[in-house]
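As a starting point, one isolated chain is supplied in structure tokens, in the form predicted alone.
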């Protein structure tokens, strides 16, 4: 009987899994493998590691206990397992991240040395990064024309999970380490079945109003599937098929296209993981030193004195998640009110987010900071008070995460310093006054952009 290996990575499911179907078509039986890679587990924070380990537990059950865990460098471990089971091929979903792409090239070379091959099938995205191009074959630099071309790409219907995969059992592996202690942080339930339930809830309860509710952090108006997309417990094709067309579905497609766009930018310009896409923006003046560090700590701990900002940062600490609209608000505050480097914020998010995805996170930060794909970003400075009033008008989200302000009603929660009268206002159970004056810092942010533009 012929044997092949299916190496799971960011595709921890059985439904709509092209690499799994290709492996089953290529051989009589399949060895399912996951490699605990220190290069990825080392920087992974507890919420992501806990979710990953939970997904692996579920995947082990779905593969009838056949899932093989190995620990170490995949360049060593994957060819070693292939040799042990006599596999001439290892099937994978293609990886387009900077590290993953380099790793796969090295694994392919190591497999070739022993007469085997790495077979890439499928992608974690609707469209493979680099596959959506202009009429002349070049890459898109701006999202709107990219989206128009993305909409024209045919998308395969999702395939169901195979009924009786022929798994190889009894292959030696390592035990999964204990899940990290989350110290009170809440994470979503891991695994493919939990992802399906989240998708069902979104389609049944939130999709119709997604266009209206997605920007309201107090509402249950988003899919909460970002962590499932990161680990591949669901494929975006499945989301498109369930969302369909219509106001809610069309807006949801738009957001999935942003995910593909950012993955494409990172794939084609991997240096943008650490450096601005608009290289000239590296010269903008940013604050450094002890005072800047203290402002960063106030931002990170949710004690800036701006309720919507503090609510978002406390949600990050409490749920390892932040609502997307609030992510933009807190990012703008760090970069344009506190004048700190966007990379500090991006790193902080990646240290805490359960759904931390390098392409979406870092390029989302660059969009807000004006260093990325936005065509005219220099004048966009979010006002944290007006943003709070617009997207959390009754203050429900703020009161959920900033209990010091629970006694304030309605719009007063957005400007608690005004509630007690006087310039400094009244403190509420230790809630601080604003650490900066937004009007002053907005003018300073624009001044710094204009200085850069003039050079």
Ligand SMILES: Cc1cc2nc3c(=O)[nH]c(=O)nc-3n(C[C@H](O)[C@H](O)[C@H](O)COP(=O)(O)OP(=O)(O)OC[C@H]3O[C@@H](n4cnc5c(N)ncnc54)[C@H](O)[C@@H]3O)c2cc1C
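Positions refer to the first chain, counted from 1. Everything quoted here is computed from the prediction, not taken from an experiment.
The next section is about a form of this same protein that is not shown, the form predicted in complex with this ligand.
The listed set 352, 327, 295, 120 contains one residue whose heavy atoms approach this ligand in the model of the complex to within 4.5 Å, identified as 327. Note on the partner interface in the model of the complex: the residue among 238, 93, 315, 222 having a heavy atom within 4.5 angstroms of this ligand is 222. Contact with this ligand in the model of the complex holds for all three of 258, 321 and 356, each having a heavy atom within 4.5 Å.
At the 4.5 Å threshold, heavy atoms of residue 210 reach this ligand in the model of the complex.
Of the heavy atoms in residue 265, none are within 4.5 Å of this ligand in the model of the complex. This ligand is not shown here, but in the model of the complex it comes within 4.5 Å of a heavy atom of residue 331. Looking at residue 216, you'd find every heavy atom of it more than 4.5 angstroms from this ligand in the model of the complex.
The chain is drawn here without this ligand; in the model of the complex, the stretch among 268-276, 304-312, 80-88, 361-369 whose residues come within 4.5 Å of it by any heavy atom is 361-369. Of the residues in 2-34, none comes within 4.5 Å of this ligand in the model of the complex through any heavy atom.
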